[in-house]
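Only one chain is shown below, in structure tokens, and it's the form predicted on its own.
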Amino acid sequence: MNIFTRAEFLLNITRSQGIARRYFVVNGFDGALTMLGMILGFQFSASTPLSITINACLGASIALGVSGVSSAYISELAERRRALLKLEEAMLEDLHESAHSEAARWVPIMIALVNGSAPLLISLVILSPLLLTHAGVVLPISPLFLAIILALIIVFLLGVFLGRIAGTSWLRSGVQTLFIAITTSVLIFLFTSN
């Protein structure tokens, strides 16, 4: 059994696929909105050197990633240990050498990696126009404006993903999440522009 098949098996016996999917969307959404907010803040502020904008956004991205990994690992480890203990009590048997015990050790790590990588990777995609410009690549439009467009597209795609999972209208779900991002943008404009 290769590592991916084994991981899928462990997720199946703990019924954790939905948890991992939910963490991916929730923290991915957090990452996209956080980057959108930070970039809009820089866009509406006085001119800021690109390197400062990149460092601030990268700092927030890394913090979101570390927070996602650590918080999910701690909470999922506690939940998996509790579930294993209850299963042992119900079966009146020590399950330390079982697949359930292996799942109690590895599922929290898998979910933590999903939870932490989602905001980090999404943030890096949104920041890519800034990073490219900093590396000397000339873009046809402002890197901040392009990053804002990317953030809105990603938020819309996360909504589409949720719509497909729920079996509802992907377009309606995408528009709903896009509406949240636009409302966030309007609030940021109202509170940060002078």
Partner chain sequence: MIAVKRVVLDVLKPHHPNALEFCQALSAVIKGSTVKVTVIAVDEKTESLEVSVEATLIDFDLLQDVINKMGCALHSIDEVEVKNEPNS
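Positions refer to the first chain, counted from 1. On a predicted model such as this, the values are computed, not experimentally measured, just so you know.
This next part talks about the form predicted together with the partner chain, which is not shown.
For a residue to qualify, one of its non-hydrogen atoms must sit within 4.5 Å of the partner chain in the model of the complex; none of 44, 53 and 124 qualifies. Residue 180 falls outside the set of residues with a heavy atom inside 4.5 Å of the partner chain in the model of the complex.
Although the partner is absent here, residue 13 sits close enough that one of its heavy atoms falls within 4.5 Å of the partner chain in the model of the complex.
The partner chain in the model of the complex is not approached by residue 74, whose heavy atoms all lie more than 4.5 angstroms from it. For the chain shown alone, residue 110 is not a contact residue for the partner chain in the model of the complex, no non-hydrogen atom being within 4.5 angstroms. Remark: of stretches 5-13, 166-174, 20-28, 181-189, the one touching the partner chain in the model of the complex is 5-13 (heavy atom within 4.5 Å). If you take 121-158 and check each residue for a heavy atom within 4.5 Å of the partner chain in the model of the complex, you get nothing at all.
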